[in-house]
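Before any questions on how it binds or moves, here is one chain, the form predicted alone, in structure tokens.
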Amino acid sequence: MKKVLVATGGGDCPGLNAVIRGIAKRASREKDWEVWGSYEAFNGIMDSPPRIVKLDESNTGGIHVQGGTIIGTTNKGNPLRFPVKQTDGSVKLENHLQLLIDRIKELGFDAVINIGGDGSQEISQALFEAGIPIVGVPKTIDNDLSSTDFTFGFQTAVQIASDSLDRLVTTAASHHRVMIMEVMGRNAGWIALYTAISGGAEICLIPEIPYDLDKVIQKIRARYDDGRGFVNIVIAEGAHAKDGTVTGVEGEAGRQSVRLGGVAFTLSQQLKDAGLQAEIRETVLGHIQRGGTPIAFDRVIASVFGVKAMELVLNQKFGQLVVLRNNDFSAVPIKEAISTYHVVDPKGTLVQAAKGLGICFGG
């Protein structure tokens, strides 16, 4: 029997289980292939003894409707920069790529399917360059991975955020308040932009357009002056003022250096310090956007991604990332996909349309 190893890395995301199921179902049609999962990204296979599990109908049936991932995930186990605690209590980042390669070979895996965002696909490319037969599947709720129109999980996150904004709109109107809702988006404001348009927000602040506080205040005051008396603001966690920096705290070793969050409160304080006479409330959605049942759109593309990834393995087309382009599923080199970052174009159609709807970006 030939064996393919599956790993899910980075943040959890609605649709991960649908990909796993798609891979297992497609592999089950072949008489000489088995699918195995590595727990917590590649940590499972690097552990001694390895923590891996066979994936078949017995444990993947029906999981496409479940959030999260049945094989777990982590954003602190990057084998290129693996955190190792030293005797003095400090943490040193070491390159454990060779250990991972050795384990893949020792356990007799013929191919690897790595499901994750840009950080995970950086690992995929390193493994491919080292001679490991690997295929990538794009995953991130931020929709910030290039070469694909959408990543699975994004539309579910937008739906959750939109539902939340709908609820805030009614309380904002009832109390004549300024409601600030913070959504995820470290460097790309796709969730905020889609949510602002779908939910009818008056202001949308994203990382790609550093905001001018005076323009934000001007928009708020205009809403009160015309008698409407309430404002809804959607802000991405990575948004910041033109003369400011992102809001966050120092992260743990082995993951991104700054853990973002709290920009809603930063903006609220900025508005108060500027003398805005309005009652302001803040809501941070946080990990709510990552959890729960994936919507139908994400189930579909995640399932197809899983099938297509396994077919790339069967056809020995390695070093490729499954993508959705122009409503068609294809593949591009992983190296190409991670060479650029997919961000919102301030002059693009969506931003211009949002402005046409009266949404202020503070830019």
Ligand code: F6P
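Don't overthink the numbering: it's just position in the shown sequence, from 1. None of the values given here were measured: they were computed from a predicted structure.
Beyond the structure shown, there is the form predicted in complex with this ligand, which is absent from this document and is the topic of what follows.
A.B. asks: Taking this ligand as it sits in the model of the complex, is residue 140 in contact with it (heavy atom to heavy atom, 4.5 Å or less)?
C.D. replies: It does: once this ligand is placed as it appears in the model of the complex, residue 140 has a heavy atom within 4.5 Å of it.
A.B. asks: Should residue 153 be classed as touching this ligand in the model of the complex when contacts are defined as heavy atoms within 4.5 Å?
C.D. replies: Output for residue 153 is no: heavy atoms all beyond 4.5 Å of this ligand.
A.B. asks: Could you confirm whether residue 159 comes within 4.5 Å of this ligand in the model of the complex, counting heavy atoms only?
C.D. replies: Residue 159: no, not in contact with this ligand in the model of the complex.
A.B. asks: Any of the heavy atoms of residue 237 lying within 4.5 Å of this ligand in the model of the complex?
C.D. replies: Taking the distances in the model of the complex, the answer for residue 237 is yes, it comes within 4.5 Å of this ligand.
A.B. asks: Every residue in 177, 219 and 270 with a non-hydrogen atom within 4.5 Å of this ligand in the model of the complex?
C.D. replies: No.
A.B. asks: Considering this ligand in the model of the complex, which of 287, 242, 215, 92 comes within 4.5 Å of it through any heavy atom?
C.D. replies: The residue from 287, 242, 215, 92 that makes the contact is 287.
A.B. asks: Here the chain is shown alone; which of 259, 105, 167, 281 has a heavy atom within 4.5 Å of this ligand in the model of the complex?
C.D. replies: Only one listed residue qualifies here, and that residue is 259.
A.B. asks: Counting only non-hydrogen atoms, choose the one of 140-148, 199-207, 96-104, 273-281 that falls within 4.5 Å of this ligand in the model of the complex.
C.D. replies: One stretch meets the cut-off, namely 140-148.
A.B. asks: Are there residues in 65-80 with a heavy atom within 4.5 Å of this ligand in the model of the complex, and which are they, in order?
C.D. replies: Counting only heavy atoms within 4.5 Å of this ligand in the model of the complex, the single contacting residue of 65-80 is 75.
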